[in-house]
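What follows is one chain in structure tokens, specifically the form predicted alone.
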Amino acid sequence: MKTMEELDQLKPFQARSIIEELRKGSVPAEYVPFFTVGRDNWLTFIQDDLANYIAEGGAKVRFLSGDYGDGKTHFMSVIQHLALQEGFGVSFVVLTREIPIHKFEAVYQAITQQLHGRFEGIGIRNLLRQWLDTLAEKEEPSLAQLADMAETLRNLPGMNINFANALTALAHNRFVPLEEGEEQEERDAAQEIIFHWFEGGKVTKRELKPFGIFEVVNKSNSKQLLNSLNVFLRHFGHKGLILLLDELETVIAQSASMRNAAYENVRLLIDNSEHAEYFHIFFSIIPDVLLSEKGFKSYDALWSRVRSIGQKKKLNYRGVLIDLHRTPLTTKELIKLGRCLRRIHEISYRWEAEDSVPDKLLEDVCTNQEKMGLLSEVRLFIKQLISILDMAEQGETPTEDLDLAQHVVSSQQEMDQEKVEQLQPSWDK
């Protein structure tokens, strides 16, 4: 997505951050445009959906399928950048033991914490602070203007009354002068309670009552509050809300009861999208989620809605399934990726890499992966290349004595270990 000329503008610290994350097997989401190649068809159709369907009031759920190493997290990060460029609010949440999809209130909390958009910083607190600053751009609003604003917020279609009242309470907290005897510390403490409620944190009904908020965030209302967040984002100049929920496959390791609760939430999100507006959810999954007995097919209410996903032999770039495994990067694209990473490594460590790690070596790494039936594993290619660049930068000449077959095996073993660590603990069985 970035040209080589733009890549050359990276600062050494930024370049090093990219290399450090890739060496660990992580995706430096902030910088993915600097090393994104290929899969143009998927991205073209997603961008078209965002600009011409979701931004016009549409809603959609899509599943992004690929094996470990196929580049799902990288691809989700690219979607995040596209959505931000198009003017959406975006939240990218990795589903983990602490953020399980069967506890949607915890997912809602993570969504608010990871929110990006047309505001400085990350998270709903920064969104709300910028909204308050905007209200006072010309002059601080009067009580009459605050009353009009509250009426407008309450009447926005789809807005939850508690969400509207919390926004109004924040504005009053900021702009209404202190009452006689009231201390600024009390005002600040009140503001913190309201922010905490927006973030899905634990606050009591008693603490919330003075602000006209009558419900704490819970399992029952979290999806409704998510809708209200989307309504508010649009009210504040965004084109809608894009949710990126990564690693849904962690559900498979859970007990049957928790899997069922998780799949019920997925079903509800799919059903909600049929009535939602300006809203797009992407779930990343491994193929087992669609194929295994512990996957979607174990929950009839969900399976009846998704059973047709992935059954067609011909790829449909507008379909529900984004199948990365069936659309791997080509050798030519991997070499292009290798050139990007080589340049980033050069900037990172201030050296010249092309003589030690020429294009021919990049081709050989691809050829070797292809011989072993592993060409689709982008993460494996990246892991090998970073290791080769590291060795070369430290004075070892990889072209002379590097056993590529042995190197790909050791890199794959490292990845397998990372995969095991990623899946552990096999919690809640």
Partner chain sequence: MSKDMPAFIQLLEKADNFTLRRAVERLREGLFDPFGVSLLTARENQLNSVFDQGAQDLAKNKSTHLCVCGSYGQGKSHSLTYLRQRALQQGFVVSSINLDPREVPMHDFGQVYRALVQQISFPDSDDSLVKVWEQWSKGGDTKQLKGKKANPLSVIPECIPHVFKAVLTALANDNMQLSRRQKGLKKHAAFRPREFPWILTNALNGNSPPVVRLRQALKYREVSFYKEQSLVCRGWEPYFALVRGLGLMFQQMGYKGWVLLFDEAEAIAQTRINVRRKSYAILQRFFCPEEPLHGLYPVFAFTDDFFATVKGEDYERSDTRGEAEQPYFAENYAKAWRRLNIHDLHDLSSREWQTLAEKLIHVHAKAYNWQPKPGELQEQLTATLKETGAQEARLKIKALVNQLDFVQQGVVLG
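Everything numeric in this text was worked out from a predicted model, so none of it was measured. Numbering follows the first chain given and starts at 1.
Keep in mind that the form predicted together with its partner chain is missing from the display, and what follows is about it.
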Legend entry - Whether 17, 74 and 254 all lie within 4.5 angstroms of its partner chain in the predicted bound form by heavy atom: no
Inset, instruction - State yes or no: in the predicted bound form, is some non-hydrogen atom of residue 380 no more than 4.5 angstroms from a non-hydrogen atom of its partner chain? - result: no
Legend entry - Partner proximity in the predicted bound form: residue 275 to its partner chain, non-hydrogen atom cutoff 4.5 Å: yes
Inset, instruction - Examine residue 315 and determine whether its closest non-hydrogen atom to its partner chain in the predicted bound form is within 4.5 angstroms. - result: yes
Inset, instruction - Flag residue 305 as yes or no: does it have a non-hydrogen atom within 4.5 angstroms of any non-hydrogen atom of its partner chain in the predicted bound form? - result: yes
Inset, instruction - With its partner chain left out of view, choose which of 320, 122, 189, 132 has a non-hydrogen atom within 4.5 angstroms of it in the predicted bound form. - result: 320
Legend entry - Contact assignment for its partner chain in the predicted bound form, among 136, 147, 176, 84, heavy atom within 4.5 Å: 147
Inset, instruction - Choose one stretch from 51-59, 380-388, 28-36, 361-369: the one whose residues place a heavy atom within 4.5 angstroms of its partner chain in the predicted bound form. - result: 51-59
Inset, instruction - Enumerate the residues of 246-268 that have a non-hydrogen atom within 4.5 Å of its partner chain in the predicted bound form, in sequence order, or give none. - result: 260, 261, 264, 265, 267, 268
